[in-house]
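In the block that follows, a single chain appears as structure tokens, in the form predicted on its own.
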């Protein structure tokens, strides 16, 4: 017998996401993702000075503000026809790299790992680590409190299936605590050149305003080395251990099978020659070139006024009272690429690099093949819940290692910014990759003011509602077929959802 269940809100993600599932015989048959608030950044930006944009748009997200700041500066640089100095480009990569590292660590340890790791295992700990001993006492107090809703979100009301290996559980819990310090370290490292994090003060059209000094280079390098050790010895190993404990999740959450990356970490003049490459994969096809004109947004099932399917360069944001549009169920629009639903994020970036397998991308193939060999898995298994976790960890290592090379290229006391002049009328597109996936900003300037501003963010791609043709979004498709053991505690569904690292605060910008 069919039943409909709701997960509202989905916890341990950014923002407010509600998911409705239609289940038959304990299997998800249909899914609907709903972004539950409207923020209106695109409307806030209208008629403002264009130079406000990179600061205001960073407030879309506290986890990935760097990506929004970079996308905005890239859009303005395209409009102003300005290219930053080499130091400016390197500093942007180093700031963004620090942001990627902290974001990937928080996603696995503090948002997703607790779907697989039994926090109660810490009650069996008899060692002398003060942090684990303190956590043990707190968990014991929570378990004995008889509270219907314990304070900890990782102490569920209903029995769930967690890893059975006590050593894995306790090691992962210790690394959960260590990752708090590692995330702080990544923020501090990025702030050396960002001025502060989150919300970078030094990002401007034309480069980065922070001066490069030997002291800052040395300080960044010292912190980066600690992070690289943690990524290699804790993060990658814990992801492998979870994958070995839950091999069935290499078959779950496959989704639409189409992937998109704008490319990230430009290494040449202009927004070109990306360390994480640009590309598109449709189905089982090869990685092919990307054309920005192929992007459209559909609002058939979104709480916006009906409009033609538009490219963001001419996009419209016109919210309506939800009660006036009964067919709609989300504040997210529905982006499509050449009419196709696309998945974006670390899985998309790594798969595109893996298929390209040229030049520096050969390193991606080597790392991926090494992980697959350890797990006894195939490349096609990466399109799954565990594949998203594995590729995120692989990408974290790639970015952390590359940061050391960018750091070595910096030239102390050489300029990192160039002057810009705002034209009377212009337009520009800024495409980059946030840690969660493809991020684009589109700006139109008239009378030296912002006439129109549009953002298409990663979770708008992944958690989009259906479009005019009825095609569900990427997460909606990934949930279909998921087996739910207990509809009162659908942890299997939340494992699928969290593997995408949703940020609804971004998506409903």
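Residue numbers count along the first chain shown, from 1. Everything numeric here is computed off the predicted structure, so don't read it as measured data.
One more form of this protein exists, namely the form predicted in complex with a small molecule; it is left out here, but the text below deals with it.
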Open item on the list: Give me the residue from 186, 276, 173, 434 that has a heavy atom within 4.5 Å of the small molecule in the predicted bound form.
Closed with: 434
Open item on the list: So the small molecule isn't shown here. In the predicted bound form, which residue out of 458, 465, 35, 50 has a non-hydrogen atom within 4.5 Å of it?
Closed with: 458
Task: the small molecule contact in the predicted bound form: residue 439, any heavy atom under 4.5 Å - done: yes
Open item on the list: If we define contact as a non-hydrogen atom of the residue within 4.5 angstroms of the partner, is residue 474 a contact of the small molecule in the predicted bound form?
Closed with: no
Task: Close approach of residue 61 to the small molecule in the predicted bound form, 4.5 Å, heavy atom - done: yes
TODO: Sort through 27 to 35, 40 to 48, 480 to 488, 62 to 70 and report the only stretch with a non-hydrogen atom within 4.5 Å of the small molecule in the predicted bound form.
DONE: 62 to 70
